[in-house]
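In the form predicted alone, a lone chain appears below as structure tokens.
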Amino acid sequence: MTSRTPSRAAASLAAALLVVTLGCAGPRSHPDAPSAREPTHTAASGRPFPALHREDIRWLERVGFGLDSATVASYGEVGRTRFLRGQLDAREAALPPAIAAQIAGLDVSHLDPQQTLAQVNAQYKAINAMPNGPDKEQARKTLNDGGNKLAYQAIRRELLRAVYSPSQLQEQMVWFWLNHFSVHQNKANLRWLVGDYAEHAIRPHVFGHFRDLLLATLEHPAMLQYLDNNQNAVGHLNENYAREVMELHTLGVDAGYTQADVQQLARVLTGVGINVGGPPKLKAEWQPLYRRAGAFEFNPARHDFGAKRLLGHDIKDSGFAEVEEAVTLIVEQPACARFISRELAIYFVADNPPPQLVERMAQTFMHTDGDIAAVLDTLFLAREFNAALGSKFKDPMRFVVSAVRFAYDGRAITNTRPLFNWLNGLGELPFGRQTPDGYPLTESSWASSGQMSRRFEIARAIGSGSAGLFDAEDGGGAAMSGFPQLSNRLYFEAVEPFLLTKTRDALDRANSPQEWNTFLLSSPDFNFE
């Protein structure tokens, strides 16, 4: 059949098919679908796909950013428990060579934040000294464009990894923690910092101890600048970061702490800031307390050494050790264990996760000193997790990444600008949330009619091959044309046996392969996992 744009009636059919399922409670089961199938096709490696249940496929979709042949084959070989443990133990698994080369070629992959900030600050100083006029405005625009380019490259790197990394759970957790410890690229100089923030504050700690992750974000200049702690000093208290640490990062708004606790934590955090110049001149007694790591600085001359009492505990006046003591105290609170466990359960299980699951996760958190991998192990092997499979609505990031993973099944795209534009249009661009609360995790935030219309257009762009994913990143000509063949082995083994009857009916009405692709990618089956 020849390519053609879906008709308005066809578009309405697919959009309506998706909308009518929104808000339905419980897993979308298929009474007429078999629970397992014998393998009839072979994977790209030559190995046959194993016989998998619908529950297996949905579990695999939820743990990663959607299906591809390699992930399905790997799961079938080792089974659920070993697959999960392998994902939890994964540390920067090798990317496909073409993708690794793209990432290695990005400027953002080779920048030092201290040097970069020093250079940017010097350039801003020089620009501010220029007389007002078009030359000054052009110089400022050129500098900001350079920062915007680096921020885009940071997003490009995260998207490429999300689509192609074999360590799919790691990529999910990088996205989860980037959202939990959210920073906004357009504040101050953050556009030059967000790439390093993701790479060194978030990525190394996603399966480690929560205390280490919290400290890594606390010591990064992106967070300190975003929430103004670089302005927090003795005699000039700034409570912004202290409040968000307690409310958004660790304890939650209803954990029982008081405004006095926020103020005490803010006093603990005085002197924690940024320095890209030379070390300050300090009194002899303060010199042993001075700390510096890259652009991060603890300056005892800016620190409040007075007595402090946080969450009912006295904090010793010991410089940065006060910060470490306060972080440990906060993370050890049962409220922290419950808050983090519930946030994880909302993201992976349900908008209103089962309290008994959250409590078991919290107990694991407390018994393991906040071991994130152990908490995730409790979550993904829980009966409540199984019971919720098929009912979680994908947020925009999961929808976009899973669509590209499924459609191209390991084939390396060369242009991530369409993914950037789709996520921006859907309202969930990485580093794009202005407020520090991060993007919402629940279905109601992403299931409006406008969102559904945009998803249909994205499905059509991918399904028709018109998205430009294989164009040159710099806007050059297309390196490849044509549309993906979604009615392939992966589809017939991992998707087709478990489709809703309404989805099958819609697919049967498609007038071309491109239209069929569009219907599949915009269907309820694809938008829920």
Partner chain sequence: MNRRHLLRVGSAALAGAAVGGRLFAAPVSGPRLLIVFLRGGYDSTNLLIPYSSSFYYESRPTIAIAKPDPASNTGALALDGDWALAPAVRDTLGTLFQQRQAAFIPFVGTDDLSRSHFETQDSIELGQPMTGTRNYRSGFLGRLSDTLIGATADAPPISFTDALPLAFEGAGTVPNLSLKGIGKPPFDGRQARILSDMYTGHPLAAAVNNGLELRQEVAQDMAQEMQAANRDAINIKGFELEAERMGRLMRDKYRLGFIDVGGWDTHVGEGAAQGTLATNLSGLARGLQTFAQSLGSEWNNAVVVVLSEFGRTFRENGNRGTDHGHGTVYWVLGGAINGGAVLGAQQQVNRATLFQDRDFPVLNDYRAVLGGLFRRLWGLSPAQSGRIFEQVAPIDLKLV
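Keep in mind that what you see is a predicted model, and the values were worked out from it rather than measured. Positions refer to the first chain, counted from 1.
This next part talks about the form predicted in complex with the partner chain, which is not shown.
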Would residue 460 count as a contact of the partner chain in the predicted complex, using a 4.5 angstroms cut-off between non-hydrogen atoms? yes
May I ask you to state whether residue 436 is within 4.5 Å of the partner chain in the predicted complex, using heavy atom distances? yes
Given that the partner is absent here, does residue 244 sit within 4.5 Å of the partner chain in the predicted complex, heavy atoms only? yes
Report whether the minimum heavy atom distance between residue 228 and the partner chain in the predicted complex is within 4.5 Å. yes
By the heavy atom within 4.5 Å rule, which residue out of 83, 320, 456, 422 makes contact with the partner chain in the predicted complex? 456
Contact assignment for the partner chain in the predicted complex, among 275, 445, 333, 109, heavy atom within 4.5 Å: 445
Please identify, from 250 to 258, 71 to 79, 204 to 212, 379 to 387, the stretch that has a heavy atom within 4.5 Å of the partner chain in the predicted complex. 250 to 258
Using heavy atoms only and a 4.5 Å cut-off, decide whether all three of 237, 503 and 528 touch the partner chain in the predicted complex. yes
Check each residue of 504 to 529 against the partner chain in the predicted complex and list those with a heavy atom within 4.5 Å, in sequence order. 506, 509, 511, 515, 518, 519, 522, 523, 524, 527, 528
